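Let's start with one chain on its own, the form predicted alone, as C-alpha cells.
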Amino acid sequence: MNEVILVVNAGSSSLKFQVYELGTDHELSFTLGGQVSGIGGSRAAFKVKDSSGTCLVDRSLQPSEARNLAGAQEIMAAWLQERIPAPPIAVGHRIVHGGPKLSRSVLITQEILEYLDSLVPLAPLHQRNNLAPVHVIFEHWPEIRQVACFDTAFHRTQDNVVQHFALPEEYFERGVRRYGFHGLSYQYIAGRLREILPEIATGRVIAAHLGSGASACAMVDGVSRETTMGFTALDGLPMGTRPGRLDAGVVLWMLEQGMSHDEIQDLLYNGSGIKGLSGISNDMRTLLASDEPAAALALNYFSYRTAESIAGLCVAAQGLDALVFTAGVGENSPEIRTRVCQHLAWMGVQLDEAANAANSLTISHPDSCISVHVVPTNEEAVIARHTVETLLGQL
C-alpha cells in the first residue's frame, strides 16, 4: 500500500473514517471507509467497506465497547493498525467551527488546537467531539501531522451584509457574526455538479443538506452567497433535535422562568426540533410511519420551514435555476422531498414521481421551471483533498 491519508469525522453519536492512498502525482484513491455508529446507545455497530463496496467488517458492539467517543476511537485505531502497514502521513479532521480567524484548512499546531478548543461554546454539540481524536493523536502519535478542515470556511465568501447581525459593530469584531455550517458538504456538491451537471453548476443553485442536522445554501457559480445557519448550528432549518430559527425572546423567557444555562443548552441542542415537536422521535422514517397527530405536525413543520427558507435564499441568488437535495434525509427520503417541493409549486417546481421514488439524479418533471436533483454528498473526500493541499503548502 502507498502512503495513506486518514480522514476522521467525529460526531456526537458516530465516528466516521476513510482511508485514501496518495499517488506519486498527489492524486487520491479511496481505499476503504467505515464508521462506529450508535455511540453511547444500545445498537452500536462497527462497519467497514472497501472501494468496491465489499463489506470488510459488520458487527454489533456491546454497549461497553462503544460507550463513548473514546471507546469508538479505540475500536477504529485497533482495526486500522492491523489493516494499514504504516501510520498515515497525515490525518484530516472535520472541524465544525473555525471562528473568525480561520477561513481555510490549516496544519494543527498546539496554538491552533488551543484556539479551536476556545470555540467549543459556539458549537457544543460538535466542536468538542471533532477535536477529541485530535487530542488523542497528539498524545499518542505526535509525529503524525494533522489538518483541520472547517465547515465554516466555504461561507466566508458571503457579502459583509449577509455575515452581520443587527447588533453594535463591537459584537461583530468580537466574533458574533453569521458563519454558516455544512460547508464541506456544500463544497463537495459545488464540485460534483461541475462533473455531472455542468449545465447548472455555474448557475443559481440552492443545495438543501437535510439530515439530523439541516441547512440550505444558495450558491452562484459554486460560490456561497447565503446559508440558513448563522452564529451557531442552532439557526435556520428545524433539525432532528435542534429548533432552527427561534425568537431570541424565547431564551430570555426561559431564563426568566429560572432555567439554567445548561438546561437551556440541553433543550436547544438535544430536546427540540422534530424530536421535541413530535414527542416521538428525531428519525424521519419513524415519523413517516406514525399515525400520531404530533408526528404529522413535526413533518409538516419541517417541510414548510425548509421550503420557506429555500424561497428566502432566492434573494441572495437572485433567482433559482436548480434545487439539490443531499445528506441522509435529502438523499433517501422521496416523501420528504415531495413535501418540501409541494410548498414550492408556486415557483414552478414539479417533480417526476417515478424518478423521485427511485432517488434518481434528476427528479424534476420535464415541465418544471426549476430542475431538482438528488446528489449524494461526500465530506470526507473534500477533507482528504484539503489535507493533501495543506501538506503541499507546508513543503
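So that there is no doubt, residue numbering starts at 1 and follows the sequence shown. Nothing here was measured: the structure is a model prediction, and the numbers come from that model.
One more form of this protein exists, namely the form predicted in complex with a small molecule; it is left out here, but the text below deals with it.
* Asked: So which of Asp159, Glu199, Asp283, Asp221 reaches within 4.5 angstroms of the small molecule in the predicted bound form, heavy atom to heavy atom?
  -> None of the others qualify; the residue that does is Asp283.
* From the list Ala327, Ile363, Val36, Val349, which entry has a heavy atom within 4.5 Å of the small molecule in the predicted bound form? -> Spelling it out, the residue with a heavy atom inside the cut-off is Ala327.
* Hey, of 283 to 291, 138 to 146, 228 to 236, 252 to 260, which bit sits against the small molecule in the predicted bound form at 4.5 Å between non-hydrogen atoms? -> After filtering at 4.5 Å, what remains is 283 to 291.
* Consider Pro100 of the chain shown here, and say whether it contacts the small molecule in the predicted bound form, taking contact as heavy atoms within 4.5 Å. => No, Pro100 is distant from the partner.
* To do: Could you confirm whether Ser333 comes within 4.5 Å of the small molecule in the predicted bound form, counting heavy atoms only?
  => Flag for Ser333 set to yes.
* Asked: Can Lys16 be called a contact residue for the small molecule in the predicted bound form at 4.5 Å between heavy atoms?
  -> Flag for Lys16 set to yes.
* With heavy atoms only and a cut-off of 4.5 Å, decide whether Gly71 touches the small molecule in the predicted bound form. => Contact check for Gly71: no, nothing within 4.5 Å of the small molecule in the predicted bound form.
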